[in-house]
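The form predicted on its own is given below as one chain in structure tokens.
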Amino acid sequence: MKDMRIAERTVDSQTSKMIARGVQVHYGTTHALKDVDVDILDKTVTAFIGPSGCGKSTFLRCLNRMNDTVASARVTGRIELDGEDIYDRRVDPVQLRARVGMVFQKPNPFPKSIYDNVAYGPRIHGLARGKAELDEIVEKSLRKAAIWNEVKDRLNAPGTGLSGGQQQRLCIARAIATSPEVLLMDEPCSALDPIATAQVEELIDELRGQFSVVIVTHSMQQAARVSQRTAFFHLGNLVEYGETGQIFTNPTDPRTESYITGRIG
């Protein structure tokens, strides 16, 4: 059988961490996503923008096989992580999600202690050889998520007792505790106040030094602030994808310009 692996390539002299080609998604008879091609660059923030229902969150969920949990969903095409097809039947979705972490729109800490929220992933994936190593992972993850100083004296307190912004940063700490290579964020600031939003945006900028970050956002201002690459989706199609400054100041497709100037959406 012919090897279908897509040759590794560089875009703007950066390596592609994930590559999607010809991705289609159907929910039953609904054709939700049509023939999407995207290169997700390493150590870069990529923003997905577009009107509600345009397919941006649907595509995000293809990148760690979250659509597998939807009975009516059918995904075709090819998505690779470091040259390996993530939809290959030999790929364990649980292991994949350790490599491609996810932070959801609404903060969703487990009904456990702050410590156990962060320790959960490393425990189930066997990433720590003992309590001392687990303690180290928990502290390092909370520090990376810029929340360690706020919670270090109450690690046994419930995560659900934190403020909304703190809960979201706890969820980010939980997502990065398994040392993922890619971090997916589905409108991570939409439930937060402006101060908490600014904290999470600052954190996203720091995290791209270690991860590829992909963020779905309804805020074009946020996309412009945090991302280096932007993809515009409309009616299930990827209309345009490129360098963020170019997408916002000199888009090539009239639909992109119409969305950015507020004429559609």
Ligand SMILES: Nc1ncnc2c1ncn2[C@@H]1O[C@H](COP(=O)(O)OP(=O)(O)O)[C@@H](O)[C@H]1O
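Numbering starts at 1 and follows the sequence shown. Small disclaimer: the values here were computed from a predicted structure and weren't measured.
Heads up, the form predicted in complex with this ligand isn't pictured, but that's what we're talking about next.
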Interface stretch in the predicted bound form with this ligand - options 52-60, 192-200, 206-214, 221-229, non-hydrogen atom within 4.5 Å:
52-60
Work out which of 163, 72, 156, 149 lies within 4.5 Å of this ligand in the predicted bound form, going by heavy atoms.
72
Consider the chain as shown here, without its partner, and state which of 238, 66, 40, 32 has a heavy atom within 4.5 Å of this ligand in the predicted bound form.
32
